[in-house]
Every structure is written in structure tokens, then in C-alpha cells.
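Next comes just one chain, in C-alpha cells: the form predicted alone.
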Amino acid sequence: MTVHNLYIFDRNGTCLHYSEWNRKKQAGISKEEEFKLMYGMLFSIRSFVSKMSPLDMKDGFIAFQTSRYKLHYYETPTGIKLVMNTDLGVPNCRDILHQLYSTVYVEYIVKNPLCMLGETLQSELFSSRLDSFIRALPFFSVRAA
């Protein structure tokens, strides 16, 4: 089991941060185009789920999977969206993404007076703590299956 990559978007669809660990295949397009495609897909899936669900879904869209990977999604009340792609063996990561937001993003970005909210995250300390957090996950493996 492993983590492939992580996106952090703001409420307007701007990719604030991107990291990858065990991504085998590149998209073949620029990172900016990839970010737009990812955010557009998330927007569409959230809209589809909210319209088609037979129940009132307070949590909304949480995850989906293909035959190759699983996408985990967490949105904060302020509109920050965390998206993590993993392999299929990884269980639901909603709690992990919430923990990542509260212990890494809030501590090293929101509480940092040098970081401007809404701008690309360029804090080396944040990147380092994020990498340590992901590598410490029980399902993280350096070798992707």
C-alpha cells in the first residue's frame, strides 16, 4: 500500500500545494493543466453526488476508486480541499486528511504570519512536516505495488 500524491486547493480552485511520493505515471500535461483538471473533476463529482444522492448527505463526496487508484477527499469549513491519491488497498482516509489539515496545515500555514493565506504554500517547514506526516502513515510504502 502506498500514497501516490497530495493536492491542496483553496475555495477558488487554486492549487496551493502539490506533493508526490510514489507516482509511477505522469499525466503528460503541465502541472497547471493537471491541477485544473483535478479541481474540475472534483467540482463535477461533488455536484453529481449532491444531486443524485437519495439521502441528504452531510459529508458529501468522500472518496472514489478506479481499477488502479483510490482518491480520498476532505473539505474544510473554510473551503480548503485536500485530495490524496493512494493505491486500492488503503482504507478510507477522511480522518487522516482531517488530522493532516489540523496538525500540519493549521500549525505551519494558518498560524505562520509569514504565510499569506490564498497563495501558493512555499514554507520549507510545512513541506518537511507534510512529508514526515505522510511517510509515518501505516500504509505508506516507499515501494509502490
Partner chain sequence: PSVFIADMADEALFQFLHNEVIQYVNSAESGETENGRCVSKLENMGFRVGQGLIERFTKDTARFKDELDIMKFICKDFWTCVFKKQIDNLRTNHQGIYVLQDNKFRLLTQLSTGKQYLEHAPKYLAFTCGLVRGGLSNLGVKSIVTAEVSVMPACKFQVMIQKM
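The structure displayed is predicted, hence computed values, not measured ones. Positions refer to the first chain, counted from 1.
Missing here is the form predicted together with the partner chain; even so, the following discussion is about that form.
Considering the partner chain in the predicted bound form, the lone stretch of 77 to 85, 113 to 121, 33 to 41, 90 to 98 in range is 113 to 121 [heavy atom distance within 4.5 Å]. Although the partner is absent here, residue 108 is a contact residue: one of its heavy atoms lies within 4.5 angstroms of the partner chain in the predicted bound form.
In the predicted bound form, not one residue of 1 to 39 has a heavy atom within 4.5 Å of the partner chain.
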